[in-house]
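In the form predicted on its own, a lone chain appears below as structure tokens.
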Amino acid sequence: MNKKNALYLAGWILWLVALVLAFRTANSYVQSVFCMLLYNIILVLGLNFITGLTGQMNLGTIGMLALGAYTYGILTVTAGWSPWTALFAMVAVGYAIGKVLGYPSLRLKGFYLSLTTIGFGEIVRLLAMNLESLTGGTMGFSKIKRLEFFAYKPENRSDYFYIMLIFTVLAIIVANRIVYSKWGRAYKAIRDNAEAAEASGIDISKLKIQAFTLAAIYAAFGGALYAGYNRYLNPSGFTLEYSQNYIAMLMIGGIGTVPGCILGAIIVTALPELLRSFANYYWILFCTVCIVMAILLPEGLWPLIHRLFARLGKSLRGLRGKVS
């Protein structure tokens, strides 16, 4: 491991330690926000494959989340599966969602693809609302089983944080590897110039479906963690508003970057909670912040922060050279 990678790893370890310490010293309300942040990070990392890297608008993230959550709940409660078996079944759920949404994306673009994904999310919500014998309908689906890690058995929501943190770290590592792999470079080529990418021999159709599938698997896993954390599901919690929030996370943090996804998730998860003291005006303030960010920093915050740190590092190296 070279010096740069060692510093990078040390930075992530310090961030995780700080997160755990902040969680342990917080009250129950703030702890719930921390848990919300973790599955939001997983969902926006998945969305990044579609919207951030391949440039296809997806407003159906909440539908993917809902399918994963309800499938996990049905498997663990109705079918009697173990939580771990149900969790790994999310790969199959995500694969199926990716195929269903991926193929239409080959013929639809822009506004029409957005409407298709919105329709998908609404169909899932309406099915959850009307299939009462399966999902509990508007009365909700309760008593969902939580994951247990060997001897560690989470008794409440706060205890579940550590299991969610493990899966969030794994999701970040996998997403980072994909972004900097040949898949990630091919996704970016499709986003920047699809015709040139196809002329270079890139199979655009295959990679678009692959991006949808990866995003759906991430969302399904996030849905399973969400269901295990809350132990209760209701269709009213899966509206279009939440899909818009994930787009905002991606836009504010930095499209196409893993640190940008994390930064955007932190800001969009925490900001509404910080602005709740403004009562009915907090959504106006929140939307204003999003609009200002879109105008002034269309690439998001992370590219700006990265450039600032690069300049700072260059200046420090130059200063060190003069001193020596």
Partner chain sequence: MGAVNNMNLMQFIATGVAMGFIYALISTEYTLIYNATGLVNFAHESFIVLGAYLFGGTFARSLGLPPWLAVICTVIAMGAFGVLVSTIVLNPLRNLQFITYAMFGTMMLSRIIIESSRLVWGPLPFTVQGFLRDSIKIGSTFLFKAHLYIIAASIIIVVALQIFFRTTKMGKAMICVSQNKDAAALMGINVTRSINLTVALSAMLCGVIGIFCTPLFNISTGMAASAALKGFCAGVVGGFGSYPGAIVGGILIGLLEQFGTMLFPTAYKDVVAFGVMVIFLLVRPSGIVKVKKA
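Values in this document were obtained by computation on a predicted structure and should not be read as measured data. Rigid core (definition): largest C-alpha set, two forms, superposition within 1.5 Å. Positions refer to the first chain, counted from 1.
Form predicted together with the partner chain: not shown, discussed below.
In the predicted complex, does Ile163 have a heavy atom within 4.5 Å of the partner chain?
Heavy-atom contact with the partner chain at 4.5 Å: absent for Ile163.
Within a 4.5 Å heavy atom cut-off, is Gly55 in contact with the partner chain in the predicted complex?
The answer is yes: Gly55 has a heavy atom within 4.5 Å of the partner chain.
Just checking whether Ile255 would be counted as a contact of the partner chain in the predicted complex - the rule being heavy atoms within 4.5 angstroms.
Because a heavy atom of Ile255 falls inside 4.5 Å of the partner chain in the predicted complex, the answer is yes.
So in the predicted complex, does any heavy atom of Leu134 sit within 4.5 Å of the partner chain?
No, Leu134 is distant from the partner.
Mind telling me which stretch in 73 to 81, 223 to 231, 189 to 197, 145 to 153 gets its heavy atoms within 4.5 Å of the partner chain in the predicted complex?
Contact criterion met by 189 to 197 only.
State yes only if every one of Trp12, Gln31 and Arg157 has a non-hydrogen atom within 4.5 Å of the partner chain in the predicted complex; otherwise state no.
Contact check failed for every one of Trp12, Gln31 and Arg157.
Which pick from Leu108, Ala89, Ile172, Ala96 sits with a heavy atom within 4.5 Å of the partner chain in the predicted complex?
After the contact test, the surviving option is Leu108.
Taking only heavy atoms into account, state which residues of 239 to 276 are within 4.5 Å of the partner chain in the predicted complex, ordered by sequence.
Glu241, Gln244, Asn245, Ile247, Ala248, Met251, Ile255, in sequence order.
With the core lined up, does the C-alpha of Ala26 move 2 Å or more between the shown form and the other one?
It does not, since the Ala26 C-alpha is displaced less than 2 Å between the shown form and the other one after the core fit.
Align on the rigid core first; then say whether the Cα of Met36 has moved by at least 2 Å between the shown form and the other one.
No; Met36 is a residue whose C-alpha shifts by less than 2 Å between the shown form and the other one when the cores are overlaid.
Using a superposition on the rigid core, decide whether the Cα position of Leu271 changes by 2 angstroms or more between the shown form and the other one.
No, Leu271 moves less than 2 Å.
Against the shown form, C-alpha atoms of Phe111 and Lys208 in the predicted complex: closer or farther, for a change of 3 Å or more?
Compared with the shown chain, Phe111-Lys208 is closer in the predicted complex.
Do Gly201 and Phe111 move together or apart in the predicted complex, judged by C-alpha distance changing 3 Å or more?
Relative to the displayed form, Gly201 and Phe111 draw closer in the predicted complex - a change of at least 3 Å between their C-alphas.
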